[in-house]
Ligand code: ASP
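Before any questions on binding or motion, here is one chain by itself as structure tokens, the form predicted on its own.
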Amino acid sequence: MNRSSILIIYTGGTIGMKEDPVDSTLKPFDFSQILESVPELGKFACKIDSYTFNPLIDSSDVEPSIWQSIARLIRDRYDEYDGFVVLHGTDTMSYSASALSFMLNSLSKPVVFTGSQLPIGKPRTDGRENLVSSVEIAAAKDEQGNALVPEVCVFFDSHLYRANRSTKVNSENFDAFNSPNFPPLAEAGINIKYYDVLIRKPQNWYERLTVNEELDTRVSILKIHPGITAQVVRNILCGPETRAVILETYGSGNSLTKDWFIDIVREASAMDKILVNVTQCLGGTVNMDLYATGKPLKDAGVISGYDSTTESALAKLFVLMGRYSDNDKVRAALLEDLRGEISR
């Protein structure tokens, strides 16, 4: 079997920083010399190349145009490599990884997002382990030579998560990410244990990769909270520049049932706004038939986001709205499990 080849794509973020020995400031790491700083990578029987974004992107400044650039780069270099590792800042990693999961069609190779809480040059960095394990996962193949994990994923603190199920849950600890509504696809201990039954595989391993490049970003997020006002709700739900709204509701999809609120939801629905209900809870699913505080939303035209994360719902809307000008087609596709992002 030929040795695997991996492309490391550094977009920016903490993992790619090293402390300057002269002035002690953090400066970008030169990934062309990756084997010198992370010699463990040289023990893998695989070829490792790198590509660094210029300029580097701070995670907080990530925009959909960055997702398009990453997706195009993977498409253009797809035939050259067996897997891709995307180094990314943690703050928006789940947004970016979720977006790539919907943008890449007929994916048959791993795209593993990772990063770190401490720069790779720090003695106690988590970046070295995250990077080494991500490369090993991206290079892993079965006996037929197919990728073990042909999905877009997030690897962090010994766990490999489906990208569109992941969310950042901690800003200080090494276990910064979790996947509350879906188990890890793999766990790294002495060995990496893959949970093959959970991993999505392509129907055709040799189908050509394509990219959904068109994104429609006219999406707003309304977080329901005690004391929310009619003006705020109307501005968000009925705004002229908004095509879709994600409603972050309580519990299993519940919201206030006051007449003014439901009237505004109906008004937005009558304007053909796409309204999607996701729960504020880390775990659990939306069921608007369960309580009397959820059913009025369903009756007013709100559709269920099931157990989707907000990051995944946003990315899914961007892609579907970019594909379809007909909002009914977007609504229908939202109810489908396209990339393993919801449980039906």
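Here the structure is a predicted model, which is why all the values come from computation and not from measurement. Quick note: we count residues from 1 along the sequence shown, nothing fancier.
In what follows, reference is made to the form predicted together with the ligand, a form of this protein that is not presented.
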**Item:** One residue of Asp263, Glu248, Glu129, Asp91 in contact with the ligand, assessed in the predicted bound form (non-hydrogen atom, 4.5 angstroms)
**Value:** Asp91
**Message:** Give me the residue from Gln117, Asn181, Ser108, Ser133 that has a heavy atom within 4.5 Å of the ligand in the predicted bound form.
**Reply:** Gln117
**Request:** Considering only heavy atoms, tell me if Ile9 and the ligand come within 4.5 Å of each other in the predicted bound form.
**Result:** no
**Request:** Report whether the minimum heavy atom distance between Ser65 and the ligand in the predicted bound form is within 4.5 Å.
**Result:** no
**Message:** I'd like to know if Met17 sits close to the ligand in the predicted bound form, meaning any non-hydrogen atom pair within 4.5 angstroms.
**Reply:** yes
**Message:** With the partner left out here, check for me: in the predicted bound form, does some heavy atom of Ser59 sit within 4.5 Å of the ligand?
**Reply:** yes
**Segment that reaches the ligand in the predicted bound form - one of 212-220, 159-167, 83-91, 136-144, heavy atoms within 4.5 Å** = 83-91
